[in-house]
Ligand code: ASP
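Presented as C-alpha cells, the chain that follows is alone, the form predicted on its own.
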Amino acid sequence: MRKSKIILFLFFIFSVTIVKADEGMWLPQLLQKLNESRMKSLGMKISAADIYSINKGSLKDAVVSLGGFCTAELISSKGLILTNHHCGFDAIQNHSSLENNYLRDGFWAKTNKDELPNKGLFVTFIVRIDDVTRAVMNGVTPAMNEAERQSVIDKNIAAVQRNVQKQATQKSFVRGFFEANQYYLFVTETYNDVRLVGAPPSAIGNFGKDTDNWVWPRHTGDFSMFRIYASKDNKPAEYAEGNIPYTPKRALNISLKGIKENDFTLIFGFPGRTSEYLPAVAVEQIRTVSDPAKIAIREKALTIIDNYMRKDEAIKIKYAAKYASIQNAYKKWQGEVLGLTRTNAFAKKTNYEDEFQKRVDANPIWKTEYGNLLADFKTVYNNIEPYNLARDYYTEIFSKIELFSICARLKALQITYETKGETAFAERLKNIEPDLLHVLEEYNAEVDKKVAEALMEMYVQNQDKKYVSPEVLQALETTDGNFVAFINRLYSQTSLTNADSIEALLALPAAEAVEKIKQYDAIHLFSDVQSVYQNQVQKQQNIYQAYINKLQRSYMQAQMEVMKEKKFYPDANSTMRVTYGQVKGYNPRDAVYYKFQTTLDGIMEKYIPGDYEFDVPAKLISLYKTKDYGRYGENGKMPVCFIATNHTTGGNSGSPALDAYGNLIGLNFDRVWEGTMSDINYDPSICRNIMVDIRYVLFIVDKFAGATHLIDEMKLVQAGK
C-alpha cells in the first residue's frame, strides 16, 4: 500500500509538471512583461534584458537569420557562426566535386584564406523591434471590407517605412501579428559575405538520413560552420578578398557542463509558420481530410520511386534528393495525424471553445460582437472542405508528375510572351531555362510515367468530377478508361522530356518557340487542368478563405479579450522568437518511454558498414573504441543528441539551445515524429524538439577533424556564466 501511494504521488507530481510545461514562440522584446518570472521559476538565471536589449549587447545580437531559411549563432569574436549541416547542405554541395567531395568527406578550412565564399548566402541581424500597431491601424474601421482594410494598412506601412530611423546599411520591414491585429517594425542589418569554414562528412552530419528523419532516438551530428566577413570598418559589404572577419556585439559562451533532466532550456531563432489558434473544426479537417489525402498521394509516389531506386543505382542517384523531399512532408503529416489523434486535439479545442462561448454568451457586448464566431467557422469550413481537398489533389499530384512540371514552365513562357511580349519572354527565359534543364538532368521517363499512371487515377477517381479537367476525362474515353494507355499516349512526344530538344526549342526566336510549345498535347492538356483548377476551385476557395481570415482575426481578438488569464503568443511568421522549456523525455505510446539523451553508443548500435544511411567513418569508430573523447565526454560516454519541451518549427533549424545562464549547450535541428502536430496544436506530453549536444559538435571539430584552431576561437565555460 505504501509503495502504491508513493507511485501515485510521484505520478501526480509528474502530471502537474507536464501540465505546467510552456508552449509558445515569444517576441523577445516582450519577455520582461510576459515571461521573465515564469522563465526564472523554471531555473533561468539571466534577465530578459540579457536576452533582448537595444542599448547594450545581448543574446539577440548573437543570433542571425541564415539565408532567410534557417537560424545560426555567433560562437567567436571573429565572426564564426554555427548552424545545421542541412542548412549548409547547398553550400557544401556547391563546393563539392569528384576530386573534392566535401559532402562525403567533410571540409575544414585550415586558415581564413581557405574559407569558401558562397554566392547568394547572407545573414541578417535584428537591430531592434518596435510596436507600430497604432500607426499601421490608423484609419482602419470595422465597416471596411478586406480589400479596403488592406489598402489602408498598406499605405500606413509605407508611411512607417519612410519615416523609420535607421543607418544607411540597415533595412526595415513591418509584419502583422495575432492575425493582423498587431504590427511590429523590424530594423535589420544584412551581411552578404558568408564563407564556409567547416562541415563534417554526411555520415556524421546526416547520419540516419530518411529513416531517422523526424525520429527519436536520434544520433545526427547536424552542424556546419561559416564565417561572416565585413568591410574594414565592420560594416556589411559584398564579397571581396580584402574583407575581414566580422566582429560581433555578442558571441555565445559555450558550456562544457552538460545537461540533466528538467534543466532549463531556451531556443532563440526564426521559426517559419504555425497556426496555433485555429478552431476545432479546422484542426479536425486537417486530421481527417487534408493530411490523409496528401499522405495517400505521396505514399503512391514514394512506393513507385523507391521500387525503381532499389533496382537501379543510376535512378537511385537521380532521385535521392527528390525522394527525400517528398518523404519529408509525408512523414511529418503522418506524425501530425498520429499526434492529433493520440492527444485528442479536437476534444481539447472543443472544450476550450465551450468555455469561450460560455463567457461570450454571459456578456451582452461580447455576445453581440463574437457570439456567432464559432458557428460561422463551422459553416465556412464545411463549405470550403471540397475546395481544399481539390486544391490538395491539384498541388500534390501535379507537382509530383515531372512531365507536368515541365509543361507548367513552358506554359508560363507562352503566357509571358502572349501577355507581355518578347522582351518579357527573354527575361523570364533566363530563370526558366536553367530550371528546366536541372529538372531534366535528374529525370527518368519510365519512373515518371509510372508515377503519372498512379496519381492521375487518383486525380480522376478520388474527387468530385466537377474539379477534374474535361480534357483529361475525354482523353481517357479514347482509351476506354485505361490509364496506362492514356499515359503512354501523353508521353509519346518524347522531345518534351529531352534536354537537347528543350535547349533547341528555347534557342528559337520567341514567336517560333511559342508556336512549338502550343503543339505539345501534354501542355495543352495541362493547360486545361490548370484552367479548371483556377476557375472551378481556386476562385471559390479564395472567397471562402478571405472570410476565414476575417473570422480568424476576430476570433484572435476575441480570445485575447475573453480569456484574460491566458498569455497569448503570436503565430510564427519567420521573425525572431524565443521559446523556453525543459530537458525531458517522453512517453510516445503504451509501454514505451524515451530518455532525453543519446550517446555515441547508439551510433555504433545503428552502424551498418557501407550503408547509405548508417555507415560510420573509420576514424569515429576508432575514437569510440579507444574512448578518446577528450574533455567532451561524460562518465565514459560521448553525448550526441538530447530533447526538450521547447516549441519549435521549420526555420528553427540551426537555432542555439541555451542553458539557464545563456550559454550554448546545443543546436536545434528537428522535432520528434509524434509531436510534429505542434505547428497547430502544441501538447507538452509528446511535443519535443531535438538538438545535437554542443559537446558532440566540439568533439567532432577537435578530436575527429583536428580543427583545434576553431576550438581556440571559442570561449568554453564549465559552469554558470
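Quick caveat: nothing in here was measured; it's all calculated off a predicted structure. Position 1 is the first residue in the sequence shown; the rest follow in order.
Just so you know, the form predicted together with ligand ASP exists too; it's not on screen, but the next bit is about it.
J.: Would you mind picking the one in R287, K584, R227, H86 that has a heavy atom within 4.5 Å of ligand ASP in the predicted bound form?
T.: Selected option: H86.
J.: Among N118, S469, Q552, T649, which has at least one heavy atom within 4.5 Å of ligand ASP in the predicted bound form?
T.: Answer to the contact question: T649.
J.: Could you confirm whether R671 comes within 4.5 Å of ligand ASP in the predicted bound form, counting heavy atoms only?
T.: Yes, R671 is a contact residue.
J.: Should W214 be classed as touching ligand ASP in the predicted bound form when contacts are defined as heavy atoms within 4.5 Å?
T.: Although ligand ASP is absent here, W214 would touch it in the predicted bound form, with heavy atoms inside 4.5 Å.
J.: Answer for S653 alone: is it within 4.5 Å of ligand ASP in the predicted bound form, judged on heavy atom distances?
T.: Heavy-atom contact with ligand ASP at 4.5 Å: present for S653.
J.: Among the candidate stretches 40-48, 23-31, 663-671, 59-67, which one is within 4.5 Å of ligand ASP in the predicted bound form when only heavy atoms are counted?
T.: The contacting stretch is 663-671.
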